[in-house]
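Let's start with one chain on its own, the form predicted alone, as structure tokens.
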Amino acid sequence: MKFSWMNKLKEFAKKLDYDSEDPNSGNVQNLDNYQTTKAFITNTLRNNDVVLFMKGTSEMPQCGFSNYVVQVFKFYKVKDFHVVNVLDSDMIREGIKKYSNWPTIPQIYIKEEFIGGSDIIKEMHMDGSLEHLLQREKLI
């Protein structure tokens, strides 16, 4: 069964207990509200040490840049990285760009800190700083 981001966002909005009387509250009826998407992104980052917002999945990347990051993480044997497939939700795809103020996908976060896109990961991989960061944060 395909994972539904809309259902996941609705569940998250219910947990936040938004006031359904307030049209700007981000309640289930107002899921296009950026605040709900932002809260979902923030919660995802808080609950996962490494988060990759990408096109596709780690098993089936849908773009070369996303695939590159997955392969680099596999190369380093990153213990656990959480993937968010932005192709499943327009709200997440556009929301993550606004959240990070970064226009492209993929986007990588380590310990809630925005690292960058595939170009930054490539540069860090080449100069050794990615391995150092992953070791320092005890992710490999």
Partner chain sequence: MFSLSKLKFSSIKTLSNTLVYSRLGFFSTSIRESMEAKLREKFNPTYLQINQEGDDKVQVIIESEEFVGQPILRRHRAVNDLLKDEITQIHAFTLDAKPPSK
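Numbering follows the first chain given and starts at 1. What you see is a predicted model; the values in this text were computed from it and never measured.
Heads up, the form predicted together with the partner chain isn't pictured, but that's what we're talking about next.
Engineer: Quick one: from S58, N43, N33, S100, grab the residue that has a heavy atom within 4.5 Å of the partner chain in the model of the complex.
Structural biologist: For this set of options, the contacting one is S100.
Engineer: Quick one: of I92, I115, V70, V50, which gets a non-hydrogen atom within 4.5 angstroms of the partner chain in the model of the complex?
Structural biologist: Among I92, I115, V70, V50, a heavy atom within 4.5 Å of the partner chain in the model of the complex occurs only for I115.
Engineer: At 4.5 Å between heavy atoms, is F65 in contact with the partner chain in the model of the complex?
Structural biologist: Within the cut-off, so yes.
Engineer: Suppose contact means any heavy atom within 4.5 Å; which members of 116-140 contact the partner chain in the model of the complex?
Structural biologist: Residues within 4.5 Å: G116, D119, I120, E123.
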